[in-house]
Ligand SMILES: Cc1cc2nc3c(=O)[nH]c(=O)nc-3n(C[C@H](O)[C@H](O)[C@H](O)COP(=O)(O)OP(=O)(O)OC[C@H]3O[C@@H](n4cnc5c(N)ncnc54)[C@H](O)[C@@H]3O)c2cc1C
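First comes one chain, alone, set out as structure tokens in the form predicted on its own.
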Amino acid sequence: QDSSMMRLAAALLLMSAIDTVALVVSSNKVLTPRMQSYLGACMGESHRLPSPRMQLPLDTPPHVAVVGAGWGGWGAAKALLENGCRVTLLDALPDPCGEAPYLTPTGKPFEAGTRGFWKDYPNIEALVCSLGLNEDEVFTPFTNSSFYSPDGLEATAPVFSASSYPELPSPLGQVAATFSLFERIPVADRVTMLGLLYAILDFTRDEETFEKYDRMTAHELFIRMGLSKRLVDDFVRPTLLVGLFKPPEELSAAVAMELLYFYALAHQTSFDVRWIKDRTIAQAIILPLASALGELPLPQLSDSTSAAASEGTGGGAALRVLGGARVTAVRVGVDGLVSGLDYSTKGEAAALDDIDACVLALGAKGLKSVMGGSSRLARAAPELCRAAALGGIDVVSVRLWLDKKVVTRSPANVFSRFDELRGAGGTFFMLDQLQPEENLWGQDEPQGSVVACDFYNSGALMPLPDEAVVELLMEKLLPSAVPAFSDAVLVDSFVQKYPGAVTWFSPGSFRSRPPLETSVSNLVCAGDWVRMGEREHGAKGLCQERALVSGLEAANALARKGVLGGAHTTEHEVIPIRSDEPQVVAGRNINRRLMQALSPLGLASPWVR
């Protein structure tokens, strides 16, 4: 009897404790995610706690971890900080903010990959303006790009923004430009591009059609649309190799079509591109952004929460950047929410606890590393396991310092049809034509041209020793493209290899790419490979603009869902690219109605399945 009374008393005490906890929750007291997870497990489904931020006081800034400090990560951090959040940004790079430029062993500056800024990059342009930077001091003028084969100059892409060409409906202006700028590709081959124009009207007809195009290789589509082998080999293939970093036979037709439309066919000026005018992207844009965000203070806190909220933020700063921090696991509590991260720094294990949300701004390689240590997240978000299983593309970046200036038609150049590439796509940029030469030589006296060369899909080049890669450029590729390179002597060189560094848009990969919003309500994804669903943006492909927008939209998704609390619902503006031209809109509408009529007969887009 005494035992029964004791059990009854214990039950009453437990019920009282549960009611007390429920009262604490409903009265808006602070509970950390770890406390939420524990209490949720204790109380069961009948006392399920609300979403992460619903029970926190309005004056407590939510703490969000952003993993990855590329364009997507910085975009998310910017939107979150301006929404009153506290952000911890983690990246494996020692200096994610761009304060200390990467130097070669001989003290010269180096940047992996030379990335362009195309005409339709409105959000990056708005970011530069918001930082008080002069656009003309950050970017070069728009430049031509030239394509070289073993036969010499094949084609030069025009700059319509600064030319005498009138603005014509697309693609009339682009076609007109080919007559003077396509040096060797015959007109009969160029006109076969018309078959691709119809596919551009058709592939976005609806989601089912897009996925059919995604399952097809770009190579098969080009054959079915009647593109000539000469046009593909001399122009389209090298364009894809340096734009999506794979040949047509290894690329999704849908993604290839997105790239060609966004960068070449949407508008006459779509292919107009410019470059960083001085030093690197990190120094020119990311560093001013990081400095501006680092000055943002935490919102005013109540006395009861200020100490906890500002702990570890650097004296009340809203942003904390952890460089050299490689995230090894994302921890998910029993309530199914992300509550913390594990990471390594300088060979030591560390943890970030009590976070209210997380943004994964990673590529396939980084995501695979994180998911490998996150077993509970793998169970909760199988879509991230599928994304982590996608392949990556090898990249080799080279910089050459020469003893004399080499004159080329264009500062930006593409290698085409060279057997020495071993299946890779290749580019070479005359940095001395784009930037002040005194900033390219470090502490050395400037001498001649500085050339940045990048190889994509470079798996067959990766095993070569560095000196063999340099020899390949100096003795074969560069002199074959521009004979004046034969007279130049190499002063210094540097080679870096990046295995699996770039996402591969393989056929059928669309459904495996990570979604903006995951199955875990306080976890979102950012990056140019992310599927944005209803928030889809017009910038396509492996694209800096798309990556930045995805970060803004990731932060907006957290705000929109209420994950950040009722006081943090402000969404960052996302600027759309230019609208499709009327003839494209009309063509797509006509095609959609035609295919709807043919669909019952099984004749809608019969070239895809």
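Throughout, we count residues from 1 along the sequence that is shown. These numbers come from a predicted model, not from an experiment.
Below: the form predicted in complex with this ligand, not depicted.
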| property | result |
| --- | --- |
| Contact test in the predicted bound form: G70 vs this ligand, heavy atoms, 4.5 Å | yes |
| Interface membership of Y456, this ligand in the predicted bound form, 4.5 Å heavy atom rule | yes |
| Partner contact for D272 in the predicted bound form: this ligand, 4.5 angstroms, heavy atom | no |
| Close approach of A361 to this ligand in the predicted bound form, 4.5 Å, heavy atom | yes |
| Option from 233 to 241, 430 to 438, 251 to 259, 325 to 333 whose residues, in the predicted bound form, bring a heavy atom within 4.5 Å of this ligand | 325 to 333 |
| Single option in A547, L564, A65, A557 placed near this ligand in the predicted bound form, where near means a heavy atom within 4.5 Å | A547 |
| Partner-contacting position among G113, G442, P382, G226 - heavy atom within 4.5 Å of this ligand in the predicted bound form | G113 |
| Residues in 116 to 145 with any heavy atom within 4.5 Å of this ligand in the predicted bound form | G116, W118, Y121 |
